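Okay, here we've got a single chain as structure tokens, the form predicted on its own, with questions on binding and movement later.
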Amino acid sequence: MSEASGTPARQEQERSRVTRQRLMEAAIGALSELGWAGATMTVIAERAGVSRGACQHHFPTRADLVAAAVEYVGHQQVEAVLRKAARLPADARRTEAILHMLAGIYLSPVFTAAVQLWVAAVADPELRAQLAPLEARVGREFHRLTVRLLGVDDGVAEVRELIQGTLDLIRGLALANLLRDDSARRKKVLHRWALTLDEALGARRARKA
């Protein structure tokens, strides 16, 4: 088979990839702005500039689409944080800068969309079954990201609990920000937690040494 004969297939694959990406990004925007009730397949398809039929060709159900969207956009954000982290200074400000970068993920539209999904899933067993494994996967990815950014060993229970406590704290701050601008308080809390975290991790390293 010549290279030219394979071109149409590759072009179709690229069109399909672009369409899926547009649908997932449109789903995040619709969910964060309109909630689960308003983010219908029709609305998402319109925002993505495709037909409802094309939308259902790629994602048979709305739950399939939004679950894929949260995972896809969340992964993109993790990659973006890793790129930014490579330029962080290795000094006393590093931990606080890392916490603010992690907070940026939770303050984004993808987190707002995820909150809409979790609330809807409380009364929707089918959606809950779809989201439970997704939440576990995303949680593990964010945990690994935090471990990597802080350069710690989470094989130790104490470190693992500190990492989980950090993510729980940041998630709670993001929830508080949904109804009002909570940036001033968040900045103070993250500053204090960065000091606490450095002290706890430093003390543990000292004991190990």
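The shown structure was predicted, so the numbers you read here are calculated from the model rather than taken from an experiment. Position 1 is the first residue in the sequence shown; the rest follow in order.
From this point on, the text means the form predicted in complex with a further copy of the same chain, which you will not see here.
Proximity of R94 to a further copy of the same chain in the predicted complex falls outside the 4.5 Å heavy atom cutoff. Although the partner is absent from this view, I98 stays clear of a further copy of the same chain in the predicted complex, with no non-hydrogen atom inside 4.5 angstroms. Shown alone here, E135 lies within 4.5 Å of a further copy of the same chain in the predicted complex, counting heavy atoms only. Remark: A103 does not count among the residues lining a further copy of the same chain in the predicted complex, judged by a heavy atom distance of 4.5 Å or less. Shown without its partner, this chain lists R47, H58, R62, R171 as candidates; in the predicted complex, only R171 has a non-hydrogen atom within 4.5 angstroms of a further copy of the same chain. With the partner omitted from this view, the residue of L34, M41, L150, A68 that lies near a further copy of the same chain in the predicted complex is L34 [heavy atom within 4.5 Å].
For the candidate spot formed by R15, V81 and V110, no residue has a non-hydrogen atom within 4.5 angstroms of a further copy of the same chain in the predicted complex. Contact annotation for 166-201: residues with any non-hydrogen atom within 4.5 angstroms of a further copy of the same chain in the predicted complex are D168, L169, R171, G172, L173, L175, A176, L178, L179, R180, R185, K188, V189, R192, W193, T196, A200, listed in sequence order.
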